[in-house]
Every structure is written in structure tokens, then in C-alpha cells.
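In the form predicted alone, a lone chain appears below as C-alpha cells.
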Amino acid sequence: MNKPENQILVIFGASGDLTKRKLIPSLFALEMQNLLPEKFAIFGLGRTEITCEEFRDSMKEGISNNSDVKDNKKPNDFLNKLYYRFIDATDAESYKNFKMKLDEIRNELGIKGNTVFYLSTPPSLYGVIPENLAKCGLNTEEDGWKRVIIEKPFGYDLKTAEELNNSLQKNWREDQIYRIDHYLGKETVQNVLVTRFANGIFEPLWNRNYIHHIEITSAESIGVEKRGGYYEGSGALRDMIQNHLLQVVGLIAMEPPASMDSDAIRNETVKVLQSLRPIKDEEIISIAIRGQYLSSSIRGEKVKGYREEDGVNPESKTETYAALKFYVDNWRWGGVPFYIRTGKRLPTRVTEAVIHFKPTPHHLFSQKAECDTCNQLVIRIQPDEGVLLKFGMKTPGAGFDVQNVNMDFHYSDLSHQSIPTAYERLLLDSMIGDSTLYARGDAVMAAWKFLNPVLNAWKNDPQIPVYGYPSGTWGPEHADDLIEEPGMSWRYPCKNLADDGVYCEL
């Protein structure tokens, strides 16, 4: 890839955990691949009053803990690109001093006005910082382009998301706003496009005539850890489905774009989200399932239930598990059910999309119409990234007994190539101005609009239950009722092994 233009990356919230664990190690990885600009600086801003040297020492520790470093000299060279300054992001006057320091760095390094502003801050500042930057003229592009990256969550519901969007667009154009979703930076998510549109054997079958249903699972084996206070105001539906998983749905269900231009691709994903069948209030209890993990013993270790976690209301109704059934009402997908589930304290960490193809019209090798040997295309997003095709083969011996066999590909097989992390890819894209893997405003609003009835019902209707599920299981049994056809259920990709815990295989 061509190197980005010379520029400065400004990180608000630079003293926080995300910068140390993800952003700086990812930028260092880009440096090691010779993908950073010739002239480049990282200007960190935070509420912690530390010196520039103390900031560099902290980031060096982050690189050591989160990167494969074999030469200590290389991190030191990279750390010279880092600067730091205390700022009160809510105080408009503080931005004048920040701008003076920014101009000083530009003059020192010979870098013009090209700037990326990364908001690694609490969501309450997502509207405040861009407004204060605009007051200082740091959104104008006379001396070079300006871009602002905003972390999730983008709003708390449809109303707050619209308010935030309107606030941003008073001072920033849509093409300057980059709403980051690190799921879209994962190599396997991007490979959905290649799998579909570079292979003549898949795209002709990618429709309601051949696909029975589509299933997306995002499971985590951990609980809320020490984030109970944050999670109480979020929940699984907001935390995972609204942004990450519905964006994956957009890529799986989109029409072929006219080109690989970012606008062409995002136009098609937006159409999918705008085609989601509106959810009626009376059907929410049957198509949306929520649950909370309960205390349990996992491989001999006692784990807390969600309501026992620090910062969690003992009578909380916040969901740690959510499952949803819905439809995309367009010509390609009419009548094909989509199923999404996500949860914490499930048996393992795994994220995958499964395309379930329809059974053959004439059951030559089985007296049952059940789809126990139907073809499946499994796209594993994490942790063992890869693609798997399941198809029927004759079992050796007499007769025509059929069993499923696997034909698979693992990204780990490409040992000669490095697989970039999501943040590596997304940070580089922001530097070169490629917004393909960033969520557009209309897509975010469409996702919130679709889920808003469920969020409102779960908040206001006490008759809708919160099902408990023991930690280490695959969630509430009631989620199995979403898939109504006989002989069909969720795909369970992992095997429980008594001695070694949980093993996941493609």
C-alpha cells in the first residue's frame, strides 16, 4: 500500500486504557511495516497530569505487553513521535493552548494541516470535543484535511444518536466523520465481500431460493469483569447487536456494489439496514429473548452471577444475553429468517456467521425432511479465523448413509503473512481517507431505528422476562424456541472437554 500523506494524529483520552492497549501498539505495528507517513506525530491529550516522558514510558510498556518486539531500539525510535499535554476537554479555553502546541509541533516537524482527531473518551464528550475543535478553526481545511474518529457507542438510543449526529454535522461534513467499529476491521469480516463477489460458486446461490436461514453468533466466555457500572447502562443489545452484528448483517446481505469505492459499498449496506422489517410491539416477546448469567461453577471455579458483580444493581434487568429473529424485506431475502445471538459467560469466545442452505428438494438418502445434513458455510470471525464449508459425503461401507464432512481454510495457515489487527487496519484507513470499514450516519440511524421498539419494551414492560442461564452454558433455553422448524437449532461450534475446558473447531 502507498504511504499516507504527512499528518498528525491527535488522541483525546490518551491516558486511558484503549490508547495503551490498542492504539499505540497498532500504530507501532504500522511503523514496523513501514506504513506510517514520512513525517508523522502522535499528540496525546488527557485528564491525567503527566509529562511527555512519563507518557512515552507508559506507552512503551503498552507496546511491550501488546506487540511482538524483538529489538528495543525500534520502540524507542517510534516513541520519539509521541507528545502529550493535559487538557480539560469540556473547557473551550483549553483548546487555545492545545492549538498553540499543535502548531508548534507542525512547525518543528514540517507537517502541514492534515490531522486525524481520535476520540478515545467517554461518550458524553463525543459532541463536546468536535464543537470545541470547530470553535478554534480546527475543522477547516484551508491548510489540509481534517477527520474525526468517534468510538462506540454512538448514542444510547435512536433519539440520542440523532441528537449527536445533528450536533456533529453542524461543524463537520459527513465525509470528515469516521464512526469506528473494530469488528469491521477484522480480516474475516472483510473477507465476506471477497467470498461472495470473487467466487462464482457462491453469489448465484446467495438468495432466498437456496438459503434457508442465516445465523450470527458472538459469544464471550468472560463476564462483565470490572465494567459492571458501564454495562448496567448498556446491555448486550446495545453493546454488540446495534453496532457490530448488524453491520456484519449488512455485509452478508448486501447487493453487489458497483465498485469497491467506499461510498458504493456503504450505500449497499445501508439499503440492507433500511430494509429490516420493523418490529411490532406485540411480537417482541416472541422474537427477542434476553437473559442474565447466573452464578455457577466452571471447571471447578466458582464464578459470580451478573447481579453479584461490582457496580451492578442487585435487581438489575440489564441483559447479558440477547437473541433476535428478524427478516430483511427485499427481493433477495424475502422470507429468509436471520438469527442473531450474543452473550457473556458462554462456554467460549467465538464469533461466526453461518449460512444454512436449503435441503435438497427430493430426499433420496433420508426419509426425513429435517436439515441434519444440510450444507453450511461457516465464516469464523474469531478466534480461529477462517472459512468452512460443510457438505454431505457417503459413509464408507454398505448402503448410502450420509455424513457431514468439512472443507476448510484457516488464516493461520498463511504463516508467511502477518494478519493485521482490526485497529491497525482501521487506523491506516483513516490516515489514507478510506471510510469503507467505518459506519456511515444513515446506517447507524437505521440500526437504532430497527432496535428501538425492543429497547423501549425491555425498559418499560415488566411482563417481558429476563431469563437466567448458568454461567458456562449457551444461554437461556428459551432462545432455542426462536428457530421453530423441527430438526433445526443453533449451531454449537464448540465441544466441552472435561480436562481441557472448551475446544472450538471450524
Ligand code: BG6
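For clarity, every value in this text was computed on a predicted model and none was experimentally measured. Note that residue numbering begins at 1 and tracks the sequence as displayed.
The form predicted in complex with 6-O-phosphono-beta-D-glucopyranose is left out here; the points below concern that form.
Asks: Under a 4.5 angstroms heavy atom criterion, identify the one residue in His410, His212, His182, Lys112 near 6-O-phosphono-beta-D-glucopyranose in the model of the complex.
Replies: Contact residue from the list: His182.
Asks: Heavy atom within 4.5 Å of 6-O-phosphono-beta-D-glucopyranose in the model of the complex: which of Arg106, His244, Arg307, Arg425 fits that? Just give me the one.
Replies: None of the other options qualify; the answer is His244.
Asks: Given that the partner is absent here, does Arg85 sit within 4.5 Å of 6-O-phosphono-beta-D-glucopyranose in the model of the complex, heavy atoms only?
Replies: The answer is no: Arg85 has no heavy atom within 4.5 Å of 6-O-phosphono-beta-D-glucopyranose.
Asks: May I ask you to state whether Gln382 is within 4.5 Å of 6-O-phosphono-beta-D-glucopyranose in the model of the complex, using heavy atom distances?
Replies: Although 6-O-phosphono-beta-D-glucopyranose is absent here, Gln382 would touch it in the model of the complex, with heavy atoms inside 4.5 Å.
Asks: Should Asp239 be counted as a contact of 6-O-phosphono-beta-D-glucopyranose in the model of the complex, where contact means heavy atoms within 4.5 Å?
Replies: Close contact exists here: in the model of the complex, Asp239 approaches 6-O-phosphono-beta-D-glucopyranose to within 4.5 Å, heavy atoms only.
Asks: With the partner left out of view, is Lys152 within 4.5 angstroms of 6-O-phosphono-beta-D-glucopyranose in the model of the complex by any non-hydrogen atom?
Replies: Within the cut-off, so yes.
Asks: For the chain shown here without its partner, which stretch in 343 to 351, 121 to 129, 167 to 175, 387 to 395 has non-hydrogen atoms within 4.5 angstroms of 6-O-phosphono-beta-D-glucopyranose in the model of the complex?
Replies: It is the stretch 343 to 351.
Asks: Though the partner is not shown here, which residues of 202 to 229 have a heavy atom within 4.5 Å of 6-O-phosphono-beta-D-glucopyranose in the model of the complex?
Replies: Contacting residues: Glu220, Arg227.
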